[in-house]
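Starting off, we have a lone chain in the form predicted alone, written out as C-alpha cells.
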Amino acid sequence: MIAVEGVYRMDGDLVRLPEIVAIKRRFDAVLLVDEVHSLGVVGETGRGVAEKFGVERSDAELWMGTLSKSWASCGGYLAGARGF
C-alpha cells in the first residue's frame, strides 16, 4: 500500500500524483490519497489533487479527507471502489 497526502500541510508541498500512480502500477500496489488539506482548495474548481494533475479518481483505490476544513462542517470520509 502507498499512502500519500494531497498537500503536506507543514510546507504546502503537493504530492506528485502522476509519479505516484506510475509507481503504484509498477508494483501492483493499492493507493490511498488523503485530501484533508487539498480538497476545496487545489485544482481549478477545488476538487483536489486528482483534478490538479488530470489523474482519474479510479487510479487510487481509496480517497479520504475531512469536512471540517474547506467545507466548514464536521466529520470526514473514506471512499473507495467496491472489491478492490
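Since the model is a prediction, treat every value here as computed from it, not as a measurement. Residue numbers here begin at 1 and follow the sequence given.
Omitted here: the form predicted in complex with a small molecule. The next part is about that form.
- Residue-level contacts in the predicted complex: of Val30, Val55, Val41, Val36, one residue has a heavy atom within 4.5 Å of the small molecule, and it is Val36.
- Under a 4.5 angstroms non-hydrogen atom cutoff, the small molecule in the predicted complex lacks Arg25 among its neighbouring residues.
- Put simply, Thr66 is close to the small molecule in the predicted complex: some heavy atom of it is within 4.5 Å.
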